[in-house]
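The form predicted alone is given below as one chain in structure tokens.
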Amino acid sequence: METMCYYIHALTALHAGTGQGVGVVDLPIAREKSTGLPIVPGSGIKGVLREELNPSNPGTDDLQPCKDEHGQDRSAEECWLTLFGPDAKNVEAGKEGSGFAGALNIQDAQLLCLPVRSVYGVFAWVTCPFILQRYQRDLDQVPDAPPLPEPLCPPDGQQGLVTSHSKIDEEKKVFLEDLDFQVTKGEGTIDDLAAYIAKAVFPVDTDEWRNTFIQRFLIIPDNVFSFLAETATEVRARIRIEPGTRTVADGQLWYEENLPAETLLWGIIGCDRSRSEKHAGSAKELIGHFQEKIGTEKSLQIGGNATVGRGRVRWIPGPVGG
């Protein structure tokens, strides 16, 4: 099994929803049952990547053949089917032989840094020790991934940690939404930690965006972050207009929750050997082909409401190992 880390950087509001809600928000975003933290389901990401890399789609640049482990050409269509598996409807119709599981296993994207409005510096990229602990646990599954700088210094009470180059603090205080924190600047390894994440999320950018991240990176206590993860998401009202009267149709006012633009998430992809009877392939060969097609990053649309400008993201592959 080969494993790869990946990152998502939301460039617009992102609605990966559950389809219905029982509270004030009619269409909430998906959250983990155990922690209540927002996620982007892996099934949705896999569907987007499957469509993006489909060699039969007009405009894709993936029509060139690839090489198998023996250096022999194989078609892009074969590689694509081996990675993502055949369409169940085509299998039932007898168009693609017997069914088999795709080699890729794309796990849910987890919240890494939540953008929160700040009095200084416009906004802060906020995280907490619990999230960094889970991030480290996932990185441990990728042998080629450099370890996070240690030790992480968990803040206590209303204490926060910012980098030495922070632009979100004033006189050792940070103001987020209606909350304020006393912060310590540049303590422990926070500068190295911010640089690590900046390099992973902006691998090909100039120093400008990496510096932007480092200047706005903030670690706050777990309990405060949990509160912000519930209240600092973006809720938008939507309506449907009656074409004839240009008024709001009866019962057609609803509220949708979104992850705000600039949200950062990470996830893990596993790649197993081919399960296709027709096309053999090792996990290393297949993940290599997937990496080649993805490149350094992809611009994708994830989640719902694409036609109203939601879900535009940068999808960034991380290191691979197995």
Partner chain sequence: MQTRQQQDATLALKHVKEILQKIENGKNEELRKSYVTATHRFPFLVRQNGLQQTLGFYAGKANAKENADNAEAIFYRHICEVLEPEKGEDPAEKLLGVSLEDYMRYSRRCLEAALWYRRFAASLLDDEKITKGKEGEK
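In this text the structure is predicted, and so the values were computed from the model without any measurement. Residue numbers count along the first chain shown, from 1.
The form predicted together with the partner chain exists for this protein as well; it is not shown, and the discussion that follows is about that form.
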Note to self: Taking the partner chain as it sits in the predicted complex, is Glu52 in contact with it (heavy atom to heavy atom, 4.5 Å or less)?
What the structure shows: no
Report yes if any heavy atom of Glu171 sits within 4.5 Å of a heavy atom of the partner chain in the predicted complex; otherwise report no. no
Given that the partner chain is not shown alongside this chain, does Glu208 nevertheless sit within 4.5 Å of it in the predicted complex, heavy atom to heavy atom?
no
Query raised in the report: Val224: heavy atom within 4.5 Å of the partner chain in the predicted complex?
Result: yes
Picking from Gln110, Thr127, Thr233, Thr163, the single residue whose non-hydrogen atoms come within 4.5 angstroms of the partner chain in the predicted complex is Thr233
Here the chain appears without its partner; judged in the predicted complex, the stretch of 268-276, 288-296, 255-263, 39-47 with heavy atoms within 4.5 Å of the partner chain is 255-263
Within 175-194, the residues having any heavy atom within 4.5 Å of the partner chain in the predicted complex are Asp178, Leu179
